[in-house]
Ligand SMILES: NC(=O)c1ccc[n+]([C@@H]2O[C@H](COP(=O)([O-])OP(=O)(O)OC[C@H]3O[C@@H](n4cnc5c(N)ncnc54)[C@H](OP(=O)(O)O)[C@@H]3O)[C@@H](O)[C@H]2O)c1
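A single chain, nothing else alongside it, follows as structure tokens in the form predicted on its own.
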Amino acid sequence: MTDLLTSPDGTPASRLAFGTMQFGGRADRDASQAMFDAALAAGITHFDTAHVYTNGASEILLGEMAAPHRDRLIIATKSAFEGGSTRETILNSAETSRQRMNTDVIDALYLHRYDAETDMRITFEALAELKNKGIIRYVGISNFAAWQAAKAAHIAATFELKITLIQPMYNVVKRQAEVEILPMAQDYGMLCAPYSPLGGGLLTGKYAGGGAGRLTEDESYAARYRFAHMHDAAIELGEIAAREGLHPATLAVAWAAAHSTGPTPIISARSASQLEPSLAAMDYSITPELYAELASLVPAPPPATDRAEEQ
């Protein structure tokens, strides 16, 4: 599915994407540069940021770092996390992002989340205007349910606009995307770029050892991964990784990338050393047997239909 997305010079999207949420926040300029360089050296061509990340510092730093390589990279950002998906919000956000990144064209612009208050026709008319003017090349949606994505695709088509990307949460212990989002994306020809393949660091094993991170510092992440079965699965994943001679992060990212629909997980970190095991998944192929073993760590989500016998 990565062939759905290419850079300005035609370079295809890499098997993994790198998310720069930490740039200018938990990662200072030097740490951010080190991670960018490591991602580039590993073959990453797809970079992800957002208008709201670190009050704009993420976009500014990514733009500076990407500039010497711009034509062969795919730079994606997100709009309308705040202010609704109105015409004004989208146009202003896109222009601000473009200025911050010092780029003429934004490769992919996501709607950061679903907005129930704004008529989607207004939203996609604005996005179509941006695309027709050459300001954006691709359109994406993030944190949409499958029915919302299907509705969006239908309305976008009335403006001769295609939704190329969808960004849900997805990892070994958060598998809801398997029920409808991943098959829907495949059927609609969308590249799925899921975030949090490490479960906010849970699947790296650091919390079992008393480490700190998003689950100890961010209330939303703590609530998201508060369930005992998720922590038990993380411990088991760590044991399997040790048996296989791998870092748990490598195994977790490889698992998320191995779904039959071909998603492109977005990896991230606070430092180059923390990023290294996730980048290692670029060159690691998980076996079907190992994939199934990890999938068995938590119950698979129920199918979207009650006629389970037909699945």
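Since the model is a prediction, treat every value here as computed from it, not as a measurement. Heads up: residue numbers just count along the shown sequence, starting at 1.
There is also a form predicted together with the named molecule; it is not shown, and the following applies to it.
- This chain is drawn without the named molecule; in the predicted complex, the residue among K162, H231, R137, K206 with a heavy atom within 4.5 Å of it is K206.
- Site annotation in the predicted complex: the residue of S32, S268, T264, T45 reaching within 4.5 Å of the named molecule with a heavy atom is S268.
- Figure note: of the listed segments 87-95, 137-145, 151-159, 114-122, the one touching the named molecule in the predicted complex, with heavy atoms no more than 4.5 Å away, is 137-145.
- Under a 4.5 angstroms non-hydrogen atom cutoff, the named molecule in the predicted complex lacks L297 among its neighbouring residues.
- Interface membership of R175, defined by any non-hydrogen atom within 4.5 Å of the named molecule in the predicted complex, is ruled out.
- Of the heavy atoms in H259, none are within 4.5 Å of the named molecule in the predicted complex.
- Of the heavy atoms in R26, some are within 4.5 Å of the named molecule in the predicted complex.
- Residues of 274-305 that come within 4.5 Å of the named molecule in the predicted complex, judged by any heavy atom, are Q274, P277 in sequence order.
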